[in-house]
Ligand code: LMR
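Taking the form predicted on its own, here's one chain by itself in structure tokens.
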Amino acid sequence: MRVTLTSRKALGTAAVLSIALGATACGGARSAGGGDGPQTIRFSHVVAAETPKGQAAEKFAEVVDENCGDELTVEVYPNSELYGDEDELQALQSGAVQMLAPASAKFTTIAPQLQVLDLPFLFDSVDDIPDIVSPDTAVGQAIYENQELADRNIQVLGLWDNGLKQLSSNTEMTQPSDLGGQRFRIQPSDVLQGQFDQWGAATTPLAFAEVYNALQQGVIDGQENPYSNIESQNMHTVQEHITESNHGYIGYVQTINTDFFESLSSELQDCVTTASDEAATYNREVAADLNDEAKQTIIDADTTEITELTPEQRQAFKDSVVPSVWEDYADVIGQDLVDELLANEQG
């Protein structure tokens, strides 16, 4: 039987830590159950269960539960219950967890080319995303066929969306210079640091779970996230302004420990792959709706003024970072890939 989200919360923090320690002791190829019993995929992530990633993770677990018989179960640990930003990738590589879906920026140190997804204004709308990141495109190949991930015992199963990012601060921001002198939280990505450098802002990498407190205490002035992340973490309650800039993308790379995946029978591998595809389709269906709902919740809360940039204002933000930031990181992302993206941008 799959452990549900509700029953896992009842386990308490001590039990969760015990599971994590037991997983580490058991290694990556077998579940905590070990032996010839059912295999267990521990799926850890750092956002709330009601976000697009949280719902996609639950959808993945449901499909596995329905289609993989009694041989495979999935336990989903949301909201940094098991591992946080700072240690989840190490947990995946060691086999302490079997599955993650980190934002692409989290792979900066181990697979820098994935920062292609951090390029500002890579997408003009969510409708552009599927075509640009499909597995047969240059961007898709950089993700799905990434050798640096393969070398670290990580296999990519899919890419989930959380939509496009907005800027929040206690200062109204309608032009790039409005960000000057402010300090923004970023994910640990050189590309994101370069983006804010161009806007005259300082940056601080922080774990997702730390952002609300950092905003509340004035450690940082602002941050960037889709509406669903802003609302689910109550960031809007400590930010007076949100600029609807749609300037960047948060994509989650669904990954599995390679040793664990290869220890499964071919039938179970097919089941996992199919469940991943279904979860990705479901994710795309719900992400836009959830962001719209979160935006309305923020409006209803009446704590934050939302500024929707005019096309001219958004273009000014874009012109300040494209192509300059794209070209600055071509040596990291790949000159050929950046050249192709710029050619498509101009064409």
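These numbers were taken from a predicted model, which means no experiment stands behind them. The first residue of the shown sequence is 1; numbering continues from there.
The protein also exists as the form predicted in complex with (2S)-2-hydroxybutanedioic acid; that form is not presented, and the subsequent description refers to it.
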Taking D131, W160 and R284 as the candidate spot, are all three within 4.5 angstroms of (2S)-2-hydroxybutanedioic acid in the predicted complex by heavy atoms? no
Looking in the predicted complex, any heavy atom of H236 within 4.5 Å of (2S)-2-hydroxybutanedioic acid? no
Do Y252 and (2S)-2-hydroxybutanedioic acid share at least one heavy atom pair within 4.5 Å in the predicted complex? yes
May I ask you to check whether V321 falls inside a 4.5 Å heavy atom distance of (2S)-2-hydroxybutanedioic acid in the predicted complex? no
Going by a heavy atom distance of 4.5 Å, is D178 a contact of (2S)-2-hydroxybutanedioic acid in the predicted complex? no
Which one of C68, L290, V46, I298 is close to (2S)-2-hydroxybutanedioic acid in the predicted complex, taking close to mean a heavy atom within 4.5 Å? V46
Identify, from the list Q98, S189, N225, S276, the residue with a heavy atom within 4.5 Å of (2S)-2-hydroxybutanedioic acid in the predicted complex. N225
Which of 267-275, 239-247, 181-189, 151-159 has heavy atoms within 4.5 Å of (2S)-2-hydroxybutanedioic acid in the predicted complex? 181-189
For the stretch 192-230, which residues lie within 4.5 Å of (2S)-2-hydroxybutanedioic acid in the predicted complex by non-hydrogen atom distance? F208, N225, N229
